[in-house]
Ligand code: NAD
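Shown below, as structure tokens, is a lone chain in the form predicted alone; questions about how it binds or moves come after it.
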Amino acid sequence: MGNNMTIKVAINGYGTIGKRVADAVDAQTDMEIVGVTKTRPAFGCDLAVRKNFPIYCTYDDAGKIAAFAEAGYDCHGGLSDLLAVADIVVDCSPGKVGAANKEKYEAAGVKWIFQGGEKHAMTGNSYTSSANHFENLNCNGTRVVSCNTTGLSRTLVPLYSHCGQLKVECTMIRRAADPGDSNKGPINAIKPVLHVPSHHGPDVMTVKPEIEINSMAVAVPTTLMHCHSIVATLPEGHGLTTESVIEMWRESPRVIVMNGAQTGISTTAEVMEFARDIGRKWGDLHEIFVWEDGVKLDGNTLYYFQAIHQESDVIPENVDAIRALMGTESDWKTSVAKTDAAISLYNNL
């Protein structure tokens, strides 16, 4: 496929992540949305209509397809019809249905991208832009890792690249649910994840196996963001200072470093308010937020906090993964720059 050709992208699952990926793809000059799927007629269809995204049914069942027309929506067919006009499909359907969908994608001869809700063992490949873009070039499919794993990669990969060795212990303070999800808890409790390590640390090693990392997690009654408390052990002779680590992150793509005391942004609520104030669509924050005054390098031990917007940090990663699988951009930083510039322009329309 030539670099000047437009990549035809299908979105299977037009929900919290799918609608965001669709907008990010639609903003790119080298991609177009050929269709999005819904399981049934619902309010998400109205959004697709406003965006001029062709609607398809998640199923190839004639009755389910007909239900869209009965509800007043122009449905272009089932999933098989959508795959027939796509080069690649981004699967944003609920977790744990990936294996069945993967069979459909492979049978249709399209490339595929899953989200972090699926297991690495099912996809065989995983992806973050900074960690392993090159290794995913021209592959048939991959999995964009979870929001937490993406966040860990954004700050740990630059450290590893400098040090050549890294050992990490981290605690994930997880939001209980997304803002639009009324079916999850806890409501008035702190719920430890009673599986050690939690999946987040091992998941980092699917994209950067050289990083030694363990993780624990607790769920807390908030919907806004995740927060990470990280302790990283650097090798002897690392040559870094607290200030040079902060500067390293300032220069890293998709990382924001701000001083909580100076800015008044000392909680996740204020981070989200910052995202809304700068005019981000849906109030999203694709970047990882690091508190400058929470960073401390003491000898070989680095301590820091970071905040992760679970609904949006993986969105630009999906765009970069499309370019990797399609082989249209071999350099991850070039892809990141293209993706972010297009999304920024799109946000300001």
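Don't overthink the numbering: it's just position in the shown sequence, from 1. Keep in mind that what you see is a predicted model, and the values were worked out from it rather than measured.
One more form of this protein, predicted together with this ligand, exists but is not displayed; see below.
With this ligand omitted here, the record of contacts in the model of the complex names 309-317 of 26-34, 276-284, 293-301, 309-317, defined by a heavy atom within 4.5 Å. Proximity of 188, 222 and 268 to this ligand in the model of the complex is absent: no residue of the three has a non-hydrogen atom within 4.5 angstroms. The listed set 233, 125, 140, 101 contains one residue whose heavy atoms approach this ligand in the model of the complex to within 4.5 Å, identified as 101. With the partner removed from view, the residue among 251, 106, 210, 178 that has a non-hydrogen atom within 4.5 Å of this ligand in the model of the complex turns out to be 178. Interface membership of residue 83, defined by any non-hydrogen atom within 4.5 Å of this ligand in the model of the complex, is ruled out. Residue contact check for residue 130: none of its heavy atoms lie within 4.5 Å of this ligand in the model of the complex. Although the partner is absent here, residue 38 lies within 4.5 Å of this ligand in the model of the complex, judged by heavy atoms. Although the partner is absent here, residue 97 is a contact residue: one of its heavy atoms lies within 4.5 angstroms of this ligand in the model of the complex. Residues 58, 59 are the ones in 42-65 with at least one heavy atom within 4.5 Å of this ligand in the model of the complex, listed in sequence order.
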